[in-house]
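Considered here are two forms of the same protein chain, supplied as structure tokens in two stand-alone entries, structure 1 and structure 2.
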Structure 1
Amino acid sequence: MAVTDEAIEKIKDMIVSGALRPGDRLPKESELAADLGLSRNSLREAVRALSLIRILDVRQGDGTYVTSLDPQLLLEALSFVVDFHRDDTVLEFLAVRRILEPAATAMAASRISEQQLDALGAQLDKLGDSPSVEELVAADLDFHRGIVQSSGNSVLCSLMDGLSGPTTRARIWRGLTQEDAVSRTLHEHRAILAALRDRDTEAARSWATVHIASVEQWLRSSL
């Protein structure tokens, strides 16, 4: 195995074993390189790789630190990966979302706070009836993220964020807005919100399913 790969493993082990804890600072590059028995250049490749997936945080002029290792942070890397997928696998991602989103929405129905409900309502009101594509994409993202956050599972939240990130959604919406989908989407959002307000778990789940399924159906017919 290449020395850089070894270094990646060793740093990983140091963190997993607890020798390095979240927020800890690593020895300076030259020291760490000496400890692990490789050159600074090779070590830097390892550090760079770990920093791309948000394990390490390098601050020029300061030092290198272990990140908080929050699921939220680590799963962010997922969206980077998802960006590489082409249209033919978008459907599969959407199918996964169709499984997760209704479940998350149902979970939220029994846990969401009045405050959150009001925030979601205000957001829908602010959007109006004929938003631009960018506004709609942003609002759609915010709306669903707000709900999933209320599910109380941060892993689930980050996963959904990664799976249906801006890029994916934009790609879908680019075509979708040409139909009557805009008003239907807004209507469905309101229905979901109403179900949440009623604390109606099953209604929330069903509306979320309908919501995703309608997108999926459109996408399937247009590919």
Structure 2
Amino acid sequence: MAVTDEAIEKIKDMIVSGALRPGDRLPKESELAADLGLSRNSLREAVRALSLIRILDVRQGDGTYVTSLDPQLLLEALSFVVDFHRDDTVLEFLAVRRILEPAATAMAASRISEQQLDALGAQLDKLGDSPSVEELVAADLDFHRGIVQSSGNSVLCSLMDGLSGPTTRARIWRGLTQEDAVSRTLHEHRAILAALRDRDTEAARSWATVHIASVEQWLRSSL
């Protein structure tokens, strides 16, 4: 194991064990390096790496702190990485969505409130039967975000937010080039909503899978 990797593991172990908690300030560099049996250079590199992925917060003139470790904060690194996707990797993002989003939708079926269901229904009603592609894609993002938030799992919410961006262009492209893309999307949204209203976990999971798989299948045939 490289020296810097070892330093990262030792700091991570301190956080996982509770020796360092969210918001705690790290000991002085010289003291921490001695306690962990590390050189100050390797410790410095480890702190720099952990600050890049939002585990640590280096405050000039004040010290280094453990961040809140909130899932949304930690997963911002994922969002940054996926923003640099290539067109031929969009299928991989869609494959991950196809794994995660049906599970989140199934979870939402038993947890979503009547008020949240009414809000999703109002979104679909407002959109109408013939929205523009841009309107549909914007509504699509809001629709899925609302469902995943209703799952009650903040990590899933953050992951899905990070995965949505790279697939937006593919959804717009599909809407512009596939004849029935708009009507099919609206139909699938209504089917998902109906399954959620019925509290039917498996139907919700199935319709979410069909919905994402249809985009994935279209893109695979188009590339």
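All residue numbers here refer to structure 1's sequence, counted from 1. Here, rigid core means the biggest group of C-alpha atoms that superpose within 1.5 Å across both forms. Being a predicted model, the structure only gives us computed values, none of them experimental.
Of the two forms shown, structure 1 is the one predicted together with the DNA, while structure 2 is not. After superposing the rigid core, the Cα of Glu45 is displaced by 2 Å or more between the two structures. Once you line up the core between the two structures, the Cα of Arg25 ends up 2 Å or more from where it was. Positional change of Asp35 between the two structures reaches 2 Å or more at the C-alpha, relative to the superposed core. Aligning the rigid core between the two structures leaves the CA of Ile15 offset by 9.5 Å.
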